[in-house]
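Let's start with one chain on its own, the form predicted on its own, as C-alpha cells.
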Amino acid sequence: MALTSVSSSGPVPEYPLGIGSPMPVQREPLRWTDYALTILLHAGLLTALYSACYCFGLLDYLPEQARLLNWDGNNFYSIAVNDYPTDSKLGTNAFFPLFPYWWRLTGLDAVGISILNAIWAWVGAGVLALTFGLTRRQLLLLLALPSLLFTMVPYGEGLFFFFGALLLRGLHRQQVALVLLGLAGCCLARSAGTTFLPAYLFAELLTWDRRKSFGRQLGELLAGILAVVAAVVLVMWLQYRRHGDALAFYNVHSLWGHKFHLPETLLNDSAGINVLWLDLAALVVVVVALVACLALGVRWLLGLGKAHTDAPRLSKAVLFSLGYAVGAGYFIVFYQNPDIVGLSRYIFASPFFFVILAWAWQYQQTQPRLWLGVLTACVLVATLVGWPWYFDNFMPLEATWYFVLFTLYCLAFLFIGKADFRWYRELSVGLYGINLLALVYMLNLFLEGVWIN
C-alpha cells in the first residue's frame, strides 16, 4: 500500500482524513440533525426487530435486570454498590471506576443504565459522523456492528466510546482540551493506558512539524501523556485505599493468565463459532493496521535526515486509531495466546474502528488495491486458526466455504465507501440488515448467559 505525504501546514479541514478528496457520496455536508435522525431510525429499527423476534418466539429473553447483570455487568454493579472490594485478589479489581461510579451517581437500575450507555455510544457515533463526514448509510452500517452490543449493556464500553469520540475529534481538529478530556475519560473507563500511550506517541511523532513551535508541540505531547498517567494513578489510588495494593488491576490480569508468551499453537476462540467470525474480522483489522503503521513508520524514519520533514498525509485521529488497533491485537494475541476471544469487543465496540474504516473508504479513492490487502489479511487469519485442514469440527470443503463467506463479509465493508459502485445502495442496505440481525442475535446470547466476551 503506497502512502503519500504532503505538507501539514494550514488549517485542519473538517472532513478529509488526508487521503484523497473529502468523503464521497454526499454532495454537501450533512448537519447534526441529519445524523440525529439517522441514529433515531437505527434505534427504532433495532427495538422493532428485537421485539418482533421475541413476540414470534425467535428470541427467548428480554433485557431484564437480572439478565443484564451477566458476566462483567455483575462486577461493575458490585463496584457501583459496594466500591472496590477489600480483597485485592478478587477479579472485580480488573475493572476501572468511571462507569460504576457514574452508575452509582445516576441511581438507575441495570435496564436504565444500559439505555443510557447506548445513548452515550450513539452520541459518540454522531460526533464521529459529523467530524469525518460520513454518509447516512455509512453511519447506519457502523451503528449495527454486532460487537456494539457491549455499549448496550452495563459495561464500560458506552462511556469509553463517547470519550474516545471526543478524543478523535480533538486529534483531528487539533483541539487540545478535547484530546486531554478524551484521553483521561477513556483511561478511567477501561484499562487502556498501556495501549493509548504508544498510540498517542505514534500519532504525535509522525505529525511533528519542524516549522512549528517546538515548545508548543512538546507541551501538547507531554500534556497528553500526563492525562493518561494521571488517570491510571487515580485508579491505583482508589484501589490502594481499599486494600493496600495499588497494582491490583494488573495482578488480577496476571492471575487470569494474561502474561506474555509467543504463539505456540493455532489460534482459537473460547466463545465458539458464534463469535469466532467477529474476532477474526477484528484480527483482519489489526493486520491491516499493522501494515499501515509499519509503512508509515518507515517513511517517517527515512525522512528524519531531510531538511524539512513533511508529516504523513493522515490525520492524527487515523494514526492514533491505527496504533490503538495494533496495541489491542498485540495484547490479545500475545497475552491471551492462543485464545483471541474479546478482540472484536476491543476493536468494533470502539470509536477507533469507525475512523479506520472512514480512512479506508477515503484511501481507496486513490489506492483501489486496498481490497487486495484485506483479502490477503483474510487468508492469513484463516490459516492462523487452521484453515483448511485443522479448522475445528469442519471438513476442509466446509472450512473453505466458511472462509469464503467470511472474506466476502470483510470485503463488503470497503465497497460501502465507493459512490461509483453500481450496487452501492443495495450492498449497504443488505450489510446493514445482516449486521442488525447479528446484533440482535448476539444480544440474546448475552442475555442467555452465553460466553461471548
Partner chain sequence: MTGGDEYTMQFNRSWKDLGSPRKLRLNAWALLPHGRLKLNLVVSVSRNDSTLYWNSISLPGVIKHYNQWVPVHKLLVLPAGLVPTDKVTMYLWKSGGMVDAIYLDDLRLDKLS
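Residue numbers count along the first chain shown, from 1. The model shown is predicted, which means the values in this text are computed figures rather than measured ones.
Although it is not shown, the form predicted in complex with its partner chain is what the next lines describe.
Colleague: Looking at heavy atoms inside 4.5 Å, which stretch does its partner chain contact in the predicted bound form, given the options 43-51, 401-409, 386-394, 422-430?
Modeller: Looking at the other structure, the answer is 386-394.
Colleague: Of these, G303, P198, G219, G272, which has a heavy atom no more than 4.5 Å from its partner chain in the predicted bound form?
Modeller: It is G272 that has a heavy atom within 4.5 Å of the partner.
Colleague: Enumerate the residues of 435-453 that have a non-hydrogen atom within 4.5 Å of its partner chain in the predicted bound form, in sequence order, or give none.
Modeller: Heavy-atom contacts within 4.5 Å come from E448, G449, V450.
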